[in-house]
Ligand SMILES: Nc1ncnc2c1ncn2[C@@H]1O[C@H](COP(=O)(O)OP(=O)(O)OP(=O)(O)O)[C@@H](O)[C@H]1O
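Quick heads-up: it's one chain on its own, the form predicted alone, in structure tokens.
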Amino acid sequence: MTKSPLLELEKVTKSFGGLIAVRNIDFQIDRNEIVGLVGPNGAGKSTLLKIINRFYKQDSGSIRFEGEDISRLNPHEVCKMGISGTTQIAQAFPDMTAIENVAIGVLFGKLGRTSVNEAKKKAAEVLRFVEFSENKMETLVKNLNIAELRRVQLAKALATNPKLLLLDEVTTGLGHIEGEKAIELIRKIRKSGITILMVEHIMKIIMGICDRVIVLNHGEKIAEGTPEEVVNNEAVIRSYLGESSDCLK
């Protein structure tokens, strides 16, 4: 018996005013994959993530998650189904502590009732999982650096107990060492059984971590395949990689 994909998009289109952000996007993601979503600035990558997690409503097309049509659902509904993620600009409640921020994720994603104390206990477990400093869990988020803030944001998404994690440029603003740690953390998340769709502009990261890559340009999908297939695709080289593609082969 063939297993159904975890996520399926069919002819998804979204415009803002007269500008088409994404047009007729089709793809699917299987369970426990890491799939990269790449393309030039303005290609529609972040817009597509926001359509999947329902912060934007598509104009046409359908989205199915575990075989169920989620095209008309709201963000909190798909979160409870198992879709969560991070944003390109790390967001948090600045006047709350790290553990309080992540506890909100626990409470938001929980189907049943959970006490605040239980949520904080779970939040501490998730923060340890993302290797956040134990002695900074009670620190106000506004006093954290960018690397710590990104870990809090990631922990908050994981605290909702997702099946599909959407990552939008999770390494942005990080130095080389912190970037390498983030990559190892993504691998660790996949090993825990979570499927990942990630937007990333550093192709060496995509090449080293993704099973498949989807390439967008001007809102349209121009290529899909393994990292090796994508970097050798002439349309991708012309529109996105250019001369830099040589160093990836």
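Because the structure is a prediction, the values reported are computed rather than measured. When you see a residue number, it is the position in the sequence shown, counting from 1.
From this point on, the text means the form predicted in complex with the named molecule, which you will not see here.
Enquirer: Of 62-70, 177-185, 43-51, 205-213, which is the one stretch near the named molecule in the predicted complex, taking non-hydrogen atoms within 4.5 angstroms as near?
Expert: Comparing against the named molecule in the predicted complex, the contact stretch is 43-51.
Enquirer: With the partner left out of view, is His201 within 4.5 angstroms of the named molecule in the predicted complex by any non-hydrogen atom?
Expert: Yes.
Enquirer: Given that the partner is absent here, does Glu148 sit within 4.5 Å of the named molecule in the predicted complex, heavy atoms only?
Expert: No, Glu148 is distant from the partner.
Enquirer: Verify the contact flag for Thr114: yes if a non-hydrogen atom of it lies within 4.5 Å of a non-hydrogen atom of the named molecule in the predicted complex, no if not.
Expert: The answer is no: Thr114 has no heavy atom within 4.5 Å of the named molecule.
Enquirer: Look up in the predicted complex whether Gln88 has a non-hydrogen atom within 4.5 angstroms of the named molecule, and give yes or no.
Expert: It does: once the named molecule is placed as it appears in the predicted complex, Gln88 has a heavy atom within 4.5 Å of it.
Enquirer: Is any part of 15-34 within 4.5 angstroms of the named molecule in the predicted complex by a non-hydrogen atom, and which residues would that be?
Expert: If the 4.5 Å heavy-atom criterion is applied to the named molecule in the predicted complex, 15-34 yields Phe16, Leu19, Ala21.
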